[in-house]
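Quick setup: one chain, the form predicted alone, written in structure tokens, and binding and motion questions come after.
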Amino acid sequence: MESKEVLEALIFSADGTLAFKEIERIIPDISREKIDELISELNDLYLSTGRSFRIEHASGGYIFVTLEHYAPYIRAMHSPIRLSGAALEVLAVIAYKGPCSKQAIDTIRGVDSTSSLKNLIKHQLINIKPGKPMKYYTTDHFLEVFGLNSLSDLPDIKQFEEVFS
């Protein structure tokens, strides 16, 4: 079998993002450059045959994603994650300042964040790092949902400060 087809099968069958280290474990002696080359070939094939999906980098790995053109149909089938403004605010604090304690989040926001934290945990966008105090951090699912490879892909917070100050 060819590496391209094996790589495609692995990404397709993964439950979420497939990390490079997992690919490397299954396909020994494959480099990131070779993986990127094979994914580019697969995406060219998908584009030339009119497929409704492609492979993207997300959360430090690779995942199949549906093309944006099909989003209205996908939304009709799945309930999107609905977050309140407060929950988005808490999520932003954790993404930019995390891992951070509830007290730190509440101090930044100036209000209690308990309800928002519970909602974000329910949607698997954040998780808790045990300790005293407990600290909240973003999950790989957060990166997948927002199409990020890592937290360093977030927009520069200084840009927001310039716009809103």
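All values reported here derive from a predicted model rather than from experimental measurement. Residues carry their position along the shown sequence, with the first being 1.
Beyond what is shown, the protein has a form predicted together with another copy of the chain; the following relates to that form.
Among residues of the shown chain, residue 136 is one whose heavy atoms approach another copy of the chain to within 4.5 Å in the predicted complex. Interface membership of residue 35, defined by any non-hydrogen atom within 4.5 Å of another copy of the chain in the predicted complex, is ruled out. At a distance threshold of 4.5 angstroms between non-hydrogen atoms, residue 117 is in contact with another copy of the chain in the predicted complex. For the chain shown alone, residue 40 is not a contact residue for another copy of the chain in the predicted complex, no non-hydrogen atom being within 4.5 angstroms. Along 97 to 111, a single residue, 102, places a heavy atom within 4.5 Å of another copy of the chain in the predicted complex.
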